[in-house]
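So this first bit is one chain, no partners, the form predicted on its own, shown in structure tokens.
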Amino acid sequence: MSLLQVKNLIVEFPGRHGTLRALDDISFEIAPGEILGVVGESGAGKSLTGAAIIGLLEPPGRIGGGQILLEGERIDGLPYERMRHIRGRKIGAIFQDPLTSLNPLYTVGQQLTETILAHMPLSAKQARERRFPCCKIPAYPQPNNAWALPHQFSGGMRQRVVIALALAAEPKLIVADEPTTALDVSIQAQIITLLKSVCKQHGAAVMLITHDMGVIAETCDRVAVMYAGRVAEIGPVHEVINHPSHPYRGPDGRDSRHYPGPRAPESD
């Protein structure tokens, strides 16, 4: 049984001159323990799809049709507080800019404890004890850094903190939106290793949103290629990369068999 099912999802933005359909009939599934990559050029609808799943569409954006089901339960259109609980307990979110996820006034340890308390039935003492195993995940700051503020960490270290926060309540689905952007190659490799280990050890599913096909090839089981608000193709990574069945049309109008972007002009 699929953990996440997205069926015919439509996301709209109403305006003075009509309604813009930003996502048009998006459908895919993710199984427990699977990493699904979502790739495409800027503006293809990758991040918007993730935002719709976790219930963080920016107004006036709205879901205009379709369904989003988590473990068979429909989660689109839920009240804010109900979705907030699901977002922390069953769905973990990792964003591109860690500073948008961290409170600059609280230490890393305080934020980790608060996250655990908000989504798990534990006492403050139990939450403090639970956070230290989180500090032992690969590439996470050592426990003695738990009292540091976010600005005292490097960008790569802050991203590791955000990942620890996303994993603190042991969610079943992780939506990772460009988690390796702006990180050097060695840190990217550590983040990829961490995402893989989460799937293997906890059976969590990961939706990895990126424009980097190298990350997709290294990390994912399947890949969905998005273009202009639609899924152009979806399938096993090696098949989509080596034998794409859909001609991805680049910005210059050329058909391309290489994702993402246009094919180089042929020489005469």
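Note that residue numbering follows the sequence shown and begins at 1. Since the model is a prediction, treat every value here as computed from it, not as a measurement.
The same protein also exists as the form predicted in complex with a small molecule; that form is not shown, yet it is the one meant from here on.
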Taking 4.5 Å between heavy atoms as the contact cutoff, choose which of G214, G43, P32, G65 touches the small molecule in the predicted complex.
G43
Could you spot which one of L70, L48, V231, V237 gets a heavy atom to within 4.5 Å of the small molecule in the predicted complex?
L48
Could you confirm whether L20 comes within 4.5 Å of the small molecule in the predicted complex, counting heavy atoms only?
yes
